[in-house]
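This document starts with one chain, in the form predicted alone, laid out as structure tokens.
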């Protein structure tokens, strides 16, 4: 028998979260494979506020209870995110799995989280004490370690509503369907007046958290494509030197080679 609470409103959920040690969930696709007989759960699937997608001046706001299937059908969700979540497991999992759950699982293999990293997404967290807005890369503290207090809930993912149009995304798995990433890569690029204004690259499923090196990215900012081409070999070497990867279903050496190939392809796609 499962012990837990069902919240009908966000206020109810926050009150339960403040008063009890609970495991929040909506779709439960990750929890289904865990054996946690002593856990007490907080079911969030009946809360309308968590299941909305909206657009404001700065952000595409994706509720933590939004399913991947819902996001795929919404024109406001950017194509880079749709490319990633369309490859999550099977339709039944996408119908139940949510953006908040993908984050709360604390895994570097989480497909939507990789896109949030490369997009400079922010997370809206709520508790009875108030609201916090946290950069996604600061939310992840390590494998299964999150900057989330025991009384807080993930409420929304905030994606910038511009700047994600030019991108490169690849997921490398053991098969075409139902694949957990062995390596995943996402890159975003922008240029204006012949100068690079944004270049972001993130690697998933290769370390304890998603990897992104903004100090290395900054070496390309403000450069022309010709200047960036001249720096390319040095740039790739800097990434190769920095990346210390974990072994998973395949060797760390294999993962690093794939990562470097994907980074090279990303740069080549945008003329570097």
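Just so we're clear, the structure is a prediction, and the values are computed from it rather than from any experiment. Positions refer to the first chain, counted from 1.
This next part talks about the form predicted in complex with a small molecule, which is not shown.
- At a distance threshold of 4.5 angstroms between non-hydrogen atoms, residue 198 is out of contact with the small molecule in the predicted bound form.
- When contacts are judged by a 4.5 Å heavy atom cut-off, residue 252 does not count as touching the small molecule in the predicted bound form.
- The small molecule in the predicted bound form comes within 4.5 Å of no heavy atom belonging to residue 191.
- In the predicted bound form, the small molecule sits within 4.5 Å of a heavy atom of residue 31.
- A heavy atom within 4.5 Å of the small molecule in the predicted bound form is found for exactly one of 71, 148, 121, 202: 148.
- Only one of 161, 127, 105, 170 comes within 4.5 Å of the small molecule in the predicted bound form through a heavy atom, and that residue is 105.
- Shown here without its partner, the chain carries 61, 136 and 141, none of which come within 4.5 Å of the small molecule in the predicted bound form through any heavy atom.
- With the small molecule omitted here, the record of contacts in the predicted bound form names 22-30 of 229-237, 22-30, 51-59, 205-213, defined by a heavy atom within 4.5 Å.
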